[in-house]
Every structure is written in structure tokens, then in C-alpha cells.
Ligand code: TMP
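So this first bit is one chain, no partners, the form predicted alone, shown in C-alpha cells.
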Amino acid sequence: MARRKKVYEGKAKILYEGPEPGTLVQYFKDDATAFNAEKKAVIDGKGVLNNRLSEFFMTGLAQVGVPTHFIRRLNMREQLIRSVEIIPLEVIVRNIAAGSLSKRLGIEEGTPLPRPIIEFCYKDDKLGDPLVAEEHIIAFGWASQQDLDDIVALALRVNDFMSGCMLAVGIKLVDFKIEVGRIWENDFPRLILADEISPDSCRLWDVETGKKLDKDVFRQDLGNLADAYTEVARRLGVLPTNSAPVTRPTLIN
């Protein structure tokens, strides 16, 4: 497919104009970042893995009635998606204490939570994507109360699907983050799942060993990130067993 005008470039993806109005081409990069991009590397094949895994999850979610921006995969690194108005929030769903939740509240990592907990962060890299309350969201007009109710319902449906999908292949879904976009249909707004779902945006632990199979491998120098992502893809049947990419670190600027 011919390259089109770049619309946006983030840490892990690039968006280009799509072939039709209302569409975009989402390109998955091999870049890995952590700690608000203070730690950087290039992981050969990471973009290919995330493209295939996000396709797998988005397709499965659509089949159970969760609306998404995904249209179809175009090639190994690109997928065609619907253009949406992104709500400037990261929606985090937590099933097990880990990461910042453990640090903030002093809860031991690995402690099962009494029920899924949903948190919101304001999307702003310069501010470090700060945690915000529903009061902030409504007061500053980032989303309405009805939007928040719909977002929570959507996030819990994603959690149900993803938890079952992962547990079936021996993986715990510890937590994950999603983004939500707004589309307009006959002058009426509708919220749909956007961005991606991949090991970049989830915490995934092996059920038996507790081994981490997500970006914490990169954050905490626990081994080869590509091997971890490939293991997730292999278990889900997304990639053949012998297709592990290779890690190539780059210097931090």
C-alpha cells in the first residue's frame, strides 16, 4: 500500500491518512519505551507481533459485541482503522495489584483485588499522564457523566473477554489500559474501543510460574522482550512457534 500523509506519531505507532474518508492506517513501530520515554530501545519484530495480537483481540471483541475502530489488517505492520475523536483519557482496569497501584497504596504486588478497579489518567506526556478522578474529567469537559458510565461498561466487557481469553492459555490478566474514541453516526455520538490491545498495554503473568510476559520485562530488565511477546502470540495461536524476533538495543538520547 502506498504511503500516505502522516497524521500523528506516538511512541509505538504512526497514523497515516487512510484510503477512504473516515479511515486511518495504523503502523506499529519496533520502538519500546518506559518511564515516560526515559528508557528506549528498538525490538526487532515487536511491531509485527503487536499488530497481529491487536488484530486478534480487536476481532474477538467485535465478535462478542464490543465496538472497536479496527477494520482489517493490511500487512505485517499496518492495519486499517476508523478515524475517531479520542477522549483524552487512559482507562486502566486492574484485577491484581501491581505497578503504580502497589506503590501508591502499599499493597503487595500480586494481591488479587476484591473486584476489578477502574482508574483514569489524563493523556499528556509532558505531565506524565497523571491519575485523575471522575470529578476532574467532568469539570474540565473531557467526558460527560454518561460518557464515563459507557466507558466503564465497555472497559468491564473488555476485561471479561480478555481475562477469559488469557486464562484459557495459562496467563493471568493482571491489568491493562485502553483508549476510547467517539464517532458520529447520523449526528449521534457513539463510543468505541480505539488505539491497540497488546502486551504493550497489558500486564500478563504466567499462571503457573508468575513469569512476566509484558513490557515489565523491558522496564525491569527481566530478559528478552521479543521472547515474552512471542510466547503470548504462540499460546494464542497468532504466530507459529519458530517466529521469534531478535532484540536490538539503541542508545538513550
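All values reported here derive from a predicted model rather than from experimental measurement. The first residue of the shown sequence is 1; numbering continues from there.
Below, we refer to the form predicted in complex with this ligand, which is not included among the displayed structures.
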As a check of understanding, the residue in L53, C202, I43, A228 with any heavy atom within 4.5 Å of this ligand in the model of the complex should be identified as C202
Exactly one of S144, S100, N75, T111 has a non-hydrogen atom within 4.5 Å of this ligand in the model of the complex; which residue is it?
-> S100
Please name which of the stretches 67 to 75, 157 to 165, 133 to 141, 89 to 97 has residues with heavy atoms lying within 4.5 Å of this ligand in the model of the complex.
-> 89 to 97
Within a 4.5 Å heavy atom cut-off, is K177 in contact with this ligand in the model of the complex?
-> yes
Quick one: is R190 in contact with this ligand in the model of the complex, heavy atoms, 4.5 Å cut-off?
-> no
State yes or no: in the model of the complex, is some non-hydrogen atom of K211 no more than 4.5 angstroms from a non-hydrogen atom of this ligand?
-> no
Partner contacts for 105 to 141, taking this ligand in the model of the complex and a 4.5 Å heavy atom cut-off = D129
